[in-house]
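Given next, in structure tokens, is a single chain: the form predicted on its own.
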Amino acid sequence: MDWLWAAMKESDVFGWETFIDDWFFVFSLAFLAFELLRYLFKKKLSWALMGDTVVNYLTLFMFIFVNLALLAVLYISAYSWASQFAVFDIGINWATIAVCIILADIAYYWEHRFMHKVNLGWATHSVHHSSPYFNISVAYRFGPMDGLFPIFFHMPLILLGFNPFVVFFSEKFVQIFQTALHTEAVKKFPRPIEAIFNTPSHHRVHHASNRKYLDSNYAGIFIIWDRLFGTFVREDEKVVYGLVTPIPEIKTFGDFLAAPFVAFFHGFWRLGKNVLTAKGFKNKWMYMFGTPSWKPKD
């Protein structure tokens, strides 16, 4: 077991992160081809589904364009600055990386829950939930500010003493695990796996607009966080994907041309409209920082 404690360099962690990220993206494209063939075989493949799949990747490119330079600098600057205040100096090896992944998974749970429960977070995260379909391409459906909020929730790991590259790797590992859950092709795993880990079944519930499924299953890797904090719901009825107040479906070529922009910006459009038209500071504040279900009394 000596390999667990063998010292690693930052470049080693960065290399593993790049390798896993790049090759998983290739795998996801191959798996998407399998899913599309499955839809074809089940006579569920449609131009609307194909258009939605393209929109998913277009929002990914828009997210990269908006976030890459700004947030890359922000991440590096914020984590580097905070690391000087770290309580411990935690070395880099596979054992500390494993511990950091578990802690990053807890941080992701609370970040994810925040994104659903606070309007400002929901304005960007609702992009990810706006697809009426559920396949691996939906995992790449990002909102404009999806790269900002993780900084605040993972900063405690930096202050604890984990190397920024280890935190980056851990965040990416949780995200890649989540990506693999976006499929209808896998029904349910054996009970021990379903009890401990997040699975496609649990994550389908998370993407549902069914009333009984709302605000549940926020987990990244381990579903035990939802069980522990009272947000777990089991999949036991047909899932209806998308938002409670859906965005327009793709029915024409014109809809397809507009769809990436509608999907990418609809959350902030709704947020801005509500804040600007609300009467009084309290209502404006609640539309910004209240829950998505909040409505003024009048």
Partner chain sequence: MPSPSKAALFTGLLVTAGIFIGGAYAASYMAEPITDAQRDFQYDDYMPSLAPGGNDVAPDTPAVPVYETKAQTNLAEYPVKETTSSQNQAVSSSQTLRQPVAQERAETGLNVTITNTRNAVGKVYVLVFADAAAYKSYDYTKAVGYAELQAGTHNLMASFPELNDGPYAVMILHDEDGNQDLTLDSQGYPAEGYGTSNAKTKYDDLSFAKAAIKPGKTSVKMHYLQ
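It should be emphasised that the depicted structure is a prediction, and the values quoted were computed from it without experimental measurement. Residue numbers count along the first chain shown, from 1.
Just so it is clear, the following notes concern the form predicted in complex with its partner chain, a form of the same protein that is not shown.
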Joint contact, Y133, N274 and N283 to its partner chain in the predicted bound form, by non-hydrogen atom at 4.5 Å:
no
Since the chain is shown here on its own, which stretch among 123-131, 155-163, 177-185, 137-145 would lie within 4.5 Å of its partner chain in the predicted bound form, judged by heavy atoms?
155-163
Although its partner chain is absent from this view, report whether S28 comes within 4.5 Å of it in the predicted bound form, heavy atoms only.
no
Is I193 close to its partner chain in the predicted bound form, meaning a heavy atom pair under 4.5 Å apart or at it?
no
Partner contact for F14 in the predicted bound form: its partner chain, 4.5 angstroms, heavy atom:
yes
Is D22 close enough to touch its partner chain in the predicted bound form, meaning at least one heavy atom pair within 4.5 Å?
no
Partner-contacting position among A107, M115, I223, A208 - heavy atom within 4.5 Å of its partner chain in the predicted bound form:
A107
Residues within stretch 95-109 having a non-hydrogen atom within 4.5 Å of its partner chain in the predicted bound form
A95, T96, V99, L103, I106, A107
